[in-house]
Structures are given as C-alpha cells and as structure tokens.
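There is one chain below, alone, in structure tokens, taken in the form predicted on its own.
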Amino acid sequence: MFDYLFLGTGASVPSRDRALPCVAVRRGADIILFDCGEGSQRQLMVSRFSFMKIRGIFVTHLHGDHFYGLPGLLQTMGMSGRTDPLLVCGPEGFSEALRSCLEVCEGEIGYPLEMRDVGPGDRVGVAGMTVEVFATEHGIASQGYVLRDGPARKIDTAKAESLGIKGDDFRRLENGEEVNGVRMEDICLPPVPGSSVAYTGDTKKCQSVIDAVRGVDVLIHESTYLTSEESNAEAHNHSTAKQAAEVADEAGVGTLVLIHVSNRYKDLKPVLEEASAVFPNTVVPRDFEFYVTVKGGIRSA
C-alpha cells in the first residue's frame, strides 16, 4: 500500500502558500518522487520523509517548474553521504539536460546515479515496484506515469506449521529453494491485488491519459484552471478541474487528487466543488498534506 506526501501543489511559479510540483509516494521505507520543481529539496527537508530513502525520481517534462529542483537535490544527497543507487527518468532529452546541468554546476554526486530517457509504452522496475510510462499532451515532450505495487503475498502460518516449516526454512523458501518438498507458493494465501497510482504531470484532457489510468486506485491529475478559464487551459495545454474529473470518471479510478493549481485560486474550495460535481471522490491537497491508503480510497493523516 502507498502513502502520499504532497510536497508541492502549485503551478508555474511558487507562491507563499504552494511550492512547485513534487509528489512523494512511499511504500514501506522506499520513496518514489514524481517531478522535482524548484525548492523540492527544501520541502523534503522540512517534511516527514527523508530524501535519502528516495529510490527513483520520474520527471514528466522539462519545463522548469517540474525540473529545476532536481540538480540541487541530487547534489545534496551526495553531500549528505548517500551511497545507495538512484534511478532518475524523464522524457527524450532528459538525460542530456540533467547531465549538462550537473557539469555546468560542477556537481559531484558520489553515489551510483542512473539517468534514463523513457517514453510511452516503457516499463521500469524500481524497488520491487513497476512504473509504466504513458503519453500526455502538453505541447512539448511530456508523459505521465503509473506506479504499481506487486500483489501482496502473505504466508498462511497455520499451513506452514502443519507442513513443518519453521525458522530458517522461510528464508530458504524466499530464496526459491524447496524445503522438504514444500515451495513458497504452497504456504501462501491467495495474493491481494497491489496498489496503483497515476501521475499525469501537465496535460490537457486526452484519450491517452484516460486509457493509461483506467482503474487505478489513485489518479493525481493537474488542475491548473477552473472552467471559467477554459480558453486559457486550451491555449496552454492544461486541464480544468472539471476536465480532470471527467478523466477520472471515464477511466473509473478510485480517488482523484488535484494538484498544479494556479496561484489565481487562493481559495481551493471552488476547485474542489467543480471537480466533485463530476467525480465526488476528489481531494485537493495543500503542500505537506499526507495521505494514507484506506479501504475505499485514501484519507488525510
């Protein structure tokens, strides 16, 4: 199951109330970061999450409000003594752009850093999870991601005991060995479906997003404008709150989370009301709000 920390929920430029896009999704101790706008490392430092536990960072596109925080964060991890490897991914041109930034800044990393360009249709494994890449429409090379946890496997302890499995036998079974004719699958309960979350980055409403996020537990969708500014949304390849809700409804997702809200909307209530009229199970978090998975959705914690 995933936990969600919304480090930056604003759009284009930071404000007093909202930092630029950055969302941390945690499973156990492992963190996946989506986008890394300017100031993201400061947000992490004052949050409940440790940037040293980040295993993968996935950037949706190279607009500065989604990318400028990454070089500094990578260098700070090194200066803080990180030794664990880190995977960073983005669209075509991402690796070259990041490498150039680090070279210009003379940034020494000091830990294994894998930079990878990925595109729609690609699947990436990280920390026992899978990230699927899908196309978005934002006027430049842009993409979203679906993060999936594998089916949870639980041991039937009563059955294991009846078969004489105990102590170090469990480790051997986990390693794929057979113990007294017993394999791991023989003592496991039916798998519980894993969790799934989709993150769109910036995009107008489009079919490729609807198809890619169909049935996910949580959809984190941009919501730059309200319907009163729909012409601006169309001109700049963004979505309104209503359009994001229509995507959630058509894709049959569990919960819709709206971020990347324009600073023109100081009060988030109209954003929530517009989306909820189409898709009731909607939340509009503020910076640093933390959500956990519960039966039937997510809740603030």
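These numbers were taken from a predicted model, which means no experiment stands behind them. From 1 onward, residues are counted along the sequence shown.
As for the form predicted together with another copy of the chain, it is not shown, yet the points below apply to it.
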Worksheet item: Taking C101, V104 and I140 as the candidate spot, are all three within 4.5 angstroms of another copy of the chain in the predicted complex by heavy atoms?
Response: yes
Worksheet item: Want to guess which of 44-52, 268-276, 27-35, 251-259 is within 4.5 Å of another copy of the chain in the predicted complex, heavy atoms only?
Response: 44-52
Worksheet item: Heavy atoms within 4.5 Å of another copy of the chain in the predicted complex: does G72 have any?
Response: yes
Worksheet item: How about T76: is it within 4.5 Å of another copy of the chain in the predicted complex, going by heavy atoms?
Response: yes
Worksheet item: Does at least one non-hydrogen atom of S239 fall within 4.5 angstroms of another copy of the chain in the predicted complex?
Response: no
Worksheet item: Is the gap between S15 and another copy of the chain in the predicted complex 4.5 Å or less for some heavy atom pair?
Response: yes
Item to complete: Scan 209-235 and write down, in order along the chain, each residue with a heavy atom lying within 4.5 Å of another copy of the chain in the predicted complex.
Response: none
